[in-house]
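For reference, the chain that follows is the form predicted on its own, supplied as structure tokens.
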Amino acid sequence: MAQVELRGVTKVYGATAAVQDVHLEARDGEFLTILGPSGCGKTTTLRIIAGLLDPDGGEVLLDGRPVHHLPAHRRETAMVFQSYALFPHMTVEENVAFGLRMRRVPEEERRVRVEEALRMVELSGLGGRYPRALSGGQQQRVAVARAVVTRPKVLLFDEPLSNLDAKLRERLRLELRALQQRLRVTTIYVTHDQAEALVLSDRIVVMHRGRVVEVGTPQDVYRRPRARVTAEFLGVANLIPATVAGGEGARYVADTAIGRLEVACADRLAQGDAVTLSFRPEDIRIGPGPVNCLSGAVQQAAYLGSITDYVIRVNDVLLRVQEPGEPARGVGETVSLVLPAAPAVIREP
């Protein structure tokens, strides 16, 4: 196991800073996901960790030892690319063994380790095939086997599931998580897929415009985002500007465009503070309630199988609300809504 740390890492292309003063830490045996939209700097950050790019500033440390001056093959990391980067003229077995040959591992040990790696990713018996004879999911497993066979201290993944169909992505992300837990290898994973990040991660690093904006557990960043961009990017959120009208301790009242709301918040707020309240659609209940009860009109109802996703207008604000099962409210129907008293309270503009 190993610990990876970035201290003030920066990478500039011309007048554009792709990565700006990034500080992050991947702990021993942790599955850390870097999440963000295209162009946020997440892949650049990963390539700097791997040694495929040199930073223009800052340090990369492995187990407390600076490695940013070392070439990729001396960093004890292994990377799985989005395109898998398999050699088409080599068999599965030869692809997996490639890194061991470069390290001059003896032939018998090489054979044992390749068999072990293929068994680990459930590809035993396919060593003689060529990549073109494999499905996308099988090629992805070969790429993983090639990475783990060298027994790296750190595994790096650059959106390895993005080229697969939705059903296969869902299955393989569970397999990846199970494999990582079995190996207990420190893993840094880059994705723009929120569901992948939530399923796979011990912690999530949210990046935006080259900077780290938030780090937390999947529950923290989804339920209690501290930054507006986190709430907006990770799933669906109803973001409502509010002004604190009073209260103390952990209970406050806030004025919003949809009415005055009671808000429970562990942070200390003062009268007049401008905040943003974040409500997840599944946390808003359709029906009467004693507090935070509003009235609105259904604008849209989309049946998604396990849930129905509604758009409901309250005053001039459109709220997303989700209920289990088939649509039970018609477009134009007036309904009562109950908003939870403990939304995420975001204090940044």
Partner chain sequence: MAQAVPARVPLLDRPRRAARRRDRWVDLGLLLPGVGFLGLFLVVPLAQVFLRSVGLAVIGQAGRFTWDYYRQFWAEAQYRDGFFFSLWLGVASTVLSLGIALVFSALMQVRFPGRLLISVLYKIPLVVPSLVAAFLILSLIAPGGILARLVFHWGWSWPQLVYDRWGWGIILVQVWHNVPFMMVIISAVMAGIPQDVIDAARNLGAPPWEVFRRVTVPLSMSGISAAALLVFIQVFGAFAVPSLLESAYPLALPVIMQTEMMDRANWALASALGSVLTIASGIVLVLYYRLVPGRGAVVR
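What you see is a predicted model; the values in this text were computed from it and never measured. Numbering follows the first chain given and starts at 1.
One more form of this protein should be noted, the form predicted together with its partner chain, which is absent from this view; the next part is about it.
Practice item. Using the partner position in the predicted bound form, report whether S124 sits within 4.5 Å of its partner chain, counting heavy atoms only. Key: Result no; S124 lies far from its partner chain in the predicted bound form.
**Study point:** Interface membership of C293, its partner chain in the predicted bound form, 4.5 Å heavy atom rule
**Key:** Although its partner chain is absent here, C293 would stay clear of it in the predicted bound form, with no heavy atoms inside 4.5 Å.
Practice item. Please check if G51 has a heavy atom lying within 4.5 Å of any heavy atom of its partner chain in the predicted bound form. Key: G51: yes, in contact with its partner chain in the predicted bound form.
Exercise for review: Considering only heavy atoms, tell me if G246 and its partner chain come within 4.5 Å of each other in the predicted bound form.
Suggested key: Close contact is absent here: in the predicted bound form, G246 is far from its partner chain, nothing within 4.5 Å, heavy atoms only.
**Study point:** Options 260-268, 171-179, 205-213, 77-85; stretch whose heavy atom lies within 4.5 Å of its partner chain in the predicted bound form
**Key:** Among the listed stretches, the partner-contacting one is 77-85.
Point to revise | Whether L6, R27 and F31 all lie within 4.5 angstroms of its partner chain in the predicted bound form by heavy atom | key: No residue of the spot touches its partner chain in the predicted bound form.
**Study point:** Single option in M120, L134, M90, L183 placed near its partner chain in the predicted bound form, where near means a heavy atom within 4.5 Å
**Key:** None of the others qualify; the residue that does is M90.
Review point. Which listed residue (A72, A250, L164, A195) meets the criterion of a heavy atom within 4.5 Å of its partner chain in the predicted bound form?
Key: Exactly one residue meets the criterion: A72.
Review point. Which residues in 89-118 have a heavy atom within 4.5 Å of its partner chain in the predicted bound form?
Key: Heavy-atom contacts to its partner chain in the predicted bound form: H89, M90, F98, G99, R101, M102, R103.
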